[in-house]
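As structure tokens, one chain now follows by itself in the form predicted on its own.
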Amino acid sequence: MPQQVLAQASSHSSPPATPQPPPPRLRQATRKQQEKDTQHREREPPPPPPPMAAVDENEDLIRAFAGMGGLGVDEAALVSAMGRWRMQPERRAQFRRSFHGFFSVSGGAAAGIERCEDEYLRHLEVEFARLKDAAVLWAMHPWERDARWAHHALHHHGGAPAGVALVEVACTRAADDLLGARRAYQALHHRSLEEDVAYLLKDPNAALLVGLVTAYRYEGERVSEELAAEEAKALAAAVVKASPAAKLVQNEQVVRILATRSKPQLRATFKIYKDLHGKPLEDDFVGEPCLQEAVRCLYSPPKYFAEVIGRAFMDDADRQAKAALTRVVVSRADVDMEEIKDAYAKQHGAKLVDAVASNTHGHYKDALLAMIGK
């Protein structure tokens, strides 16, 4: 997958590439995939036809993406669609179903996912240089996107803690979306996410991360205050007993509570902990960043994501911190971006759109602002 890095390029865009036909191998792969897609669709009842205006917009966006064959990408058309289709994931789903060759209908474990073809992904670094990877990530099915992020974190994290992106996916997604990401991971990589986490991570965080990525949490609002008080005391006892030789992340009670309880139940537990001890739980998890990330993600995703964006704009931000900007904006644009904007303003005393406009450039800046909403 292309590197997901914050653009630091000049606002002067380079000229489009010299028109060239797509590679023969790519054309052949596309024809075969179209035949497969046709066979798959014949087994399913046809969806209702979209309105004519939606059809026209789909065709416009397909033409914009079709520049990937060497004819140059229409960045302006892509950015325009990002703005018009904001908070409308169903329109992107229709686009994926309409764009044969770039996306293919999946079966088996990933049924219901329009998968982005690997042949095309290999061309992204060049074709989408001015938009980085924001455009294709925006167009992807969210489950496939999360699966690819998780795989990248496990295999290509370049020395950065792999747990950060995994915790983010595991703890900020709805239960069905996390399950969907696991299904997509199997379809893409022919292994389960949890087996890769358990096998590839040779550190004390592995057991917690396996628990988090396999969780299917209750999503109702019912909370037991009695249970919250009991488990706040259990967490406090674990903190007291912790030692350099016995990390908290390896404590069975800590792992069980964080990996199984619903988010409303955990928020109640965290509140009681803070009331009892005068400080938030993550303050007692100092030196254990994976635990701290999990608590922040589970407690308040908007607040957590506002902090991640703020770190991307710091003068000493590293490559991973800058890459997180694209990841957050793309994945949260249709979920809780308004709450993130509010949290960012409270944390930094500035509007998120102003910070993005000041710290990014060119079409990449335009794409981010379109997804955020000006």
Partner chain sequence: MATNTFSRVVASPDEDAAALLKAFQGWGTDEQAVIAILAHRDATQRKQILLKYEQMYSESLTQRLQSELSGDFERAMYHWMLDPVERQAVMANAATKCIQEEYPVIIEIACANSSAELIEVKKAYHVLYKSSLEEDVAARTTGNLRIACLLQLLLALVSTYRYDGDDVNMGLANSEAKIAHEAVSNGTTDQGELIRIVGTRSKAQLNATFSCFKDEHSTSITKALPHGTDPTGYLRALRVSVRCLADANKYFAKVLRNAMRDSGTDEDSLTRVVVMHAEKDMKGIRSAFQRRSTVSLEEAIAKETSGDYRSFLIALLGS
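Computed from a predicted structure; not experimentally measured. Numbering follows the first chain given and starts at 1.
Keep in mind that the form predicted together with its partner chain is missing from the display, and what follows is about it.
For the options 250, 98, 186, 80, the one in contact with its partner chain in the predicted bound form, meaning a heavy atom within 4.5 Å, is 186. Checked against its partner chain in the predicted bound form, the candidates 84, 122, 191, 233 yield a single residue with a heavy atom inside 4.5 Å, and that residue is 191. Not one of 319, 326 and 363 comes within 4.5 Å of its partner chain in the predicted bound form, counting any heavy atom. The stretch among 268-276, 297-305, 176-184, 140-148 whose residues place heavy atoms within 4.5 Å of its partner chain in the predicted bound form is 176-184. Looking at residue 94, you'd find every heavy atom of it more than 4.5 angstroms from its partner chain in the predicted bound form. In the predicted bound form, its partner chain sits within 4.5 Å of a heavy atom of residue 256. Taking the partner from elsewhere, residue 214 is found to have a heavy atom lying within 4.5 Å of its partner chain in the predicted bound form.
Among residues of the shown chain, residue 283 is not one whose heavy atoms approach its partner chain to within 4.5 Å in the predicted bound form.
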